[in-house]
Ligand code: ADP
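One chain comes next, on its own, written as structure tokens: the form predicted alone.
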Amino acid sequence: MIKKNIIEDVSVLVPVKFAGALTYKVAKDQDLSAGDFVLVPLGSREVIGVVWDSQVEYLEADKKKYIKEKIEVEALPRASRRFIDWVAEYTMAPKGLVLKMAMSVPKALDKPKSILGARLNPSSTKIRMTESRRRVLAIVNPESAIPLQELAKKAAVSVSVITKLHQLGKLTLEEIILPSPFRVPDWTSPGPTLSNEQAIISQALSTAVEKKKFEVSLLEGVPGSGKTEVYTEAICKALSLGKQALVLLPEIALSTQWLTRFRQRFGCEPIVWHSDLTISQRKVAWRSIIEGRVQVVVGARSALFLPFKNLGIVIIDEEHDSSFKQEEGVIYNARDMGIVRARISDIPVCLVSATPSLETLNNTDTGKYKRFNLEHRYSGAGMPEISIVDMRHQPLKSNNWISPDLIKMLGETFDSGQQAMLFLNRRGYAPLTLCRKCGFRVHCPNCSTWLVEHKLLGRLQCHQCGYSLVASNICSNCGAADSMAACGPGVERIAEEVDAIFPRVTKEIVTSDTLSGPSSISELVQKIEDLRVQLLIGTQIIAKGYHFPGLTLVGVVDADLGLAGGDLRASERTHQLLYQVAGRSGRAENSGKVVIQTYMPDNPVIKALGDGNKEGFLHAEANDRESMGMPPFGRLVALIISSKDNNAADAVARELNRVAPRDNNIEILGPAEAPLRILRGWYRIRFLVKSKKEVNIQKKVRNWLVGCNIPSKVRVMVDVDPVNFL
């Protein structure tokens, strides 16, 4: 701590693009500690930063500026500060930008609004009593003040009755801070009856929480095995110890049914942290978290940077999901950083998935992580029967994509009063629109992509930058009328095909375009649970995490999407997605069926799904990666050079190639044009740096970049452990 009446220098980290903390002077009357939020001058403006733990950088006295004031808010916890340091070092991002993610709600640093509260004055003299006055005095106490409006409501009186009691000396009025609007979860309420298999694993996870030591557990289980119920007991144990819990979900769309289960278990909802919250909601939530007044937070990857005061467990659900990777700004994988966050706080972390990533499985094989497996569905439900349909031998009409076999099974499902789902991981109506006369393909002017037709909106859209234009049947290239043809299917086109076959079936198209936020997702889930929808037609947003008891048939329209191209994880990702899709079927008393349409029935992914040989596929995939030294058996860092000036980007790529390190510890692939050569108007060139696991690859890349002069109009983005290779 910095003592009063002594002028000292301190390091202050500010949430801007700086690599480290800056040095400031402390005034005589200021009492500061590491983690305190302070207002400091920065150039011609003033910003709020955090007193940091790093050593003070020497500066001449006339170059130092004074800290303006200390902000009245709880200090940023030491674990959060250590986490920011670690993330910045690992991802090679400016430390100030990482801090900015932890200070994502500047308004939360404003002084909270106060209101008037009333408390009993026990030393006051007797007064004339009325019934309304008696009701007020029966509620108040001398220990804590009650907000006036709340007191008036409870006593069924007007505020004037309370103020009169104050004038008579019976009550003391004082300013109080608004109480937290968040209810405390009741961890003593009984949970669902667990199976023996669930109970054993649940006890192991709860014991890990009780030990208050860092360890990583993988909770694996077939879809519908009750993984959520198992790890909820570990959350319950954390709450019983007065600790906070964090649950990360890859997409907030998955939170709807999760929140219902939580509410049933604990009697209230946790804080849900996502981008759709209002500024006011985020402000109250952030401040309540840093003050320790919130017990459970569930959210997307950004929730990882919230300032938890007393974290006791981290849960990472659907740990394999690529949505945990942030691709812009500070580039990080929330799954990996969640493990680091738990290690810094010396608490357990639980990774949850029906289809764990190869990275996680490799860590269980080497003994770094514990592995628990739920091999059976809850309540005795069986796994669905999977059929592979070879589309090369299916008689399809022009512009049709649903096989006769699948159509027959859909009809049988609807006749029996059960629900079905058609899965196609492609939004919109058609991925390509071209002119039959001149061959022109409608493309995005800002990106190297075709525009996707969204027939319901009447527009063509770019799914990379958001550019769109009104759909037209006149070719913009040659002017030919009635010449534009939609090529290939999206979910809207599948819905059109279904309408022609089953015109009376109620259906819903489920994509990120049709679900505008948590409320619309909740409404849809309720309709499905109430059996008001017979058919779902959706993308990956509906493929995992949901439990619909009436859903007994899943049809995968095109299982081959995602298998093409040179993506390192294409096969693994496709297997995970299709396995999860299949898991939506037959989760209750009625048995389920899955139909997978493919033009590549001999592909290892398709064969593994058809044979039910998940372990065999993963073993073969791991062997292929190991033979090539690829993750998880080696390390990768991607460098993406981009500029709006094509020549400038090329020049920097050539210079980086010229000064690239040449040694036996790393291999540099590139430079090469990115598969998405132009993205949002920026020309892009990629390098891929490959090394063995024991090599400090960040140090190699850092030294490499220092030796190259990069002009301001060129960006060099560093992606440690890349997931996206576009």
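Just so it is clear, the structure is predicted and the values come from calculations on it, not from any experiment. One rule holds for the numbers: they count along the sequence shown, beginning at 1.
This next part talks about the form predicted in complex with adenosine-5'-diphosphate (ADP), which is not shown.
Using a 4.5 Å cutoff between non-hydrogen atoms, S225 counts as a contact of adenosine-5'-diphosphate (ADP) in the predicted complex. Taking the partner from the other structure, adenosine-5'-diphosphate (ADP) in the predicted complex has no heavy atom within 4.5 Å of any heavy atom of P601. In the predicted complex, adenosine-5'-diphosphate (ADP) stays beyond 4.5 Å of every heavy atom belonging to D85. With a 4.5 Å cutoff on heavy atoms, R587 counts as touching adenosine-5'-diphosphate (ADP) in the predicted complex.
Taken together, L194, E229 and R261 are fully in contact with adenosine-5'-diphosphate (ADP) in the predicted complex: each brings a heavy atom within 4.5 Å.
Checking R301, H547, R625, R569 against adenosine-5'-diphosphate (ADP) in the predicted complex, a heavy atom within 4.5 Å turns up for just one residue: H547.
Out of the listed residues T355, Q198, Q419, Q540, Q198 is the one that sits within 4.5 Å of adenosine-5'-diphosphate (ADP) in the predicted complex by at least one heavy atom. Contact with adenosine-5'-diphosphate (ADP) in the predicted complex, defined as any heavy atom within 4.5 Å, is confined among 215 to 223, 201 to 209, 490 to 498, 136 to 144 to 215 to 223.
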